[in-house]
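Below sits a lone chain in structure tokens, taken as the form predicted alone.
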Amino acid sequence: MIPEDHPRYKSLVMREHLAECARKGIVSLEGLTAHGRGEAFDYLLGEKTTDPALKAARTAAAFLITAKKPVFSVNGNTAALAASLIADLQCVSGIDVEVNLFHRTEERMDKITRFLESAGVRVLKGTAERLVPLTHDRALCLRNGIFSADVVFVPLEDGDRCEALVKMGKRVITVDLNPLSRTSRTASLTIVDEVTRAIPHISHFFEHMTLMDAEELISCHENRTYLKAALDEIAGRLKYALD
């Protein structure tokens, strides 16, 4: 039992949930390590959504509004952490959802698909093909899903696939707590925030944004601005941490 007055209550509950999802085969053991690395960066950001991250989330909504075919690429960690939030975003935006895994087995694909569906997500299904120029299984995707998308939303992403998708001409939105990661630096748009904070912001902005506002946001978009702001936030917190 985790007491609700524990100062780390939310974080500890999330860890327990991920551990349970790992036992069920939804999250890989490697995914638990990745989550811990993200938490370390969240400490440095103050475990809150910064103003630049909020602006990045608004820009993400703009990318989705102007997209012809947006697709949400979901891995095990994202499914475990945010299934109901993905359902909410799909409800307001109509975004397609496709499961895509590095540690891929048909059993895990099926478990994650059913887990998402139990939260109300409509998941694309079909025969995956090796359509992304990578040598591992994240190259596998659906021809009517990620392959044909013009905008791909991929939280908690592998850097090499992010880079490959960008080289294929796609706009890639990611959520990554590490502003120095290859994913953050390669993506078209990086939201430096925790995924369960970022997705609801995107849903909110999508519902309250016009096409004209979206086009204006995108016209002045520069991803390096968000990354630099995140690094400045971390540097400032480190500088005054013991004051």
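One-based numbering along the sequence shown. Please read all numbers here as calculations on a predicted model, not as lab measurements.
Not on display, but discussed next: the form predicted in complex with a further copy of the same chain.
- Heavy atoms of no residue among Ala87, Arg114 and Leu211 are located within 4.5 Å of a further copy of the same chain in the predicted bound form.
- Put simply, Gly46 is far from a further copy of the same chain in the predicted bound form: not one heavy atom of it is within 4.5 Å.
- Contact annotation for Arg58: none of its heavy atoms lies within 4.5 Å of a further copy of the same chain in the predicted bound form.
- At the 4.5 Å threshold, heavy atoms of Arg37 reach a further copy of the same chain in the predicted bound form.
- In the predicted bound form, a further copy of the same chain lies within 4.5 Å of some heavy atom of Leu32.
- Of the candidate stretches 64 to 72, 38 to 46, 202 to 210, 187 to 195, only 38 to 46 contains residues with a heavy atom within 4.5 Å of a further copy of the same chain in the predicted bound form.
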